[in-house]
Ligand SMILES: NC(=O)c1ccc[n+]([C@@H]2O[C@H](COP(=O)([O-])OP(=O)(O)OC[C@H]3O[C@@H](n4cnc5c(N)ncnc54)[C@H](O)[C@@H]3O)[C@@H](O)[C@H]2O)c1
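Starting off, we have a lone chain in the form predicted on its own, written out as structure tokens.
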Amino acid sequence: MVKTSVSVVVNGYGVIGKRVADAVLRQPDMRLVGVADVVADWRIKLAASKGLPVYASTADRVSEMAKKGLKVSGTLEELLRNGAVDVVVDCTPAKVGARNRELYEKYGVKAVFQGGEKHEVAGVSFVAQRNYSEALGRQFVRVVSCNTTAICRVIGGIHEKIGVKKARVVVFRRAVDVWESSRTGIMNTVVPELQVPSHHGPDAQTVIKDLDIVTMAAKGSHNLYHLHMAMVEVRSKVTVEDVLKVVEEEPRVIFVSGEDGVDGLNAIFELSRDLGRPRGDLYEIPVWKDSVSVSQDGLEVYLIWATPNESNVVPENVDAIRAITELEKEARASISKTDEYLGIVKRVY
């Protein structure tokens, strides 16, 4: 029987988990049966106040969570054992998801992992518009990190439509997530990632197998998104108009312009809040239109974009759920549905 709806639990209610939970709630073909965590901080208490059933990710945390005034509906394992879940979206910290895989295997439950896990945890790394069909019917899939997602959307689009001979991308990373700014971070410096290539290029190759890409990265003393700068050698001569057309047609990629006052990551952050999205989230990758240029011989393309690190992977998680449960067999159908219910657009102003 073809499924028309699936039941989902989100394990880990942090930066990504809470956003995925809200996104699932907005999908007509998905039902959020609850969220799971190991703590009882303000975030999980807020989830409970919204009426979301809360579960303990591990049995040893039940009493501690209850002591802190949280009504715990049971453990994640009990929920899985009862057959109430089709898919777990694992948004736990890096490396925890890999350990959780054994639990999901035990109960034959499908799972979506995040980019903090290695490719091998699922065997399929996922960006919806690049390799949706590869994830169809799989038990496990891994949604790649925010930076890799951005690279796969932008560079992947150019690769599919024009052909990339060689891509070189510089990733200027934010130092720390906003919610952790009081705990850690760097100040008044830039810290290079000394391993070249940085992990982002090889990660992109787990999605786009034939992409020749090298990435370099550094952390800056800010917490407003990441910045990417790309130099791309293409297989045939192109014009600026050719590149603009590719970006214009690519799902979940938008244009912004310095001429409109969008002159830095701070402006992107403010723009995302002014859109009126939940939490001011930006699911799209904003490419500076005025950064797009081409070498004199037409064989190199240059462009700059921002990566909304808290939110751009959220629609990918929704599409990954549809792919592994085969709610939708075609990428475009799932992308279109997700974008409609999350309000994702091709033009923001």
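Computed from a predicted structure; not experimentally measured. Numbers for residues come from their place in the sequence shown, where the first is 1.
As for the form predicted together with this ligand, it is not shown, yet the points below apply to it.
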item: All of C152, Q205 and E328 with a heavy atom within 4.5 Å of this ligand in the predicted complex; value: no
item: Residue (of V313, V35, V301, A323) lying close to this ligand in the predicted complex, criterion heavy atoms within 4.5 Å; value: V313
item: Residue (of E78, E180, D242, D260) lying close to this ligand in the predicted complex, criterion heavy atoms within 4.5 Å; value: E180
item: Interface stretch in the predicted complex with this ligand - options 108 to 116, 162 to 170, 263 to 271, 243 to 251, non-hydrogen atom within 4.5 Å; value: 108 to 116
item: Close approach of T92 to this ligand in the predicted complex, 4.5 Å, heavy atom; value: yes
item: Contact label in the predicted complex: N309 to this ligand, heavy atom within 4.5 Å; value: yes
item: Contact label in the predicted complex: L103 to this ligand, heavy atom within 4.5 Å; value: no
item: Contact of V96 with this ligand in the predicted complex (heavy atom, 4.5 Å); value: yes
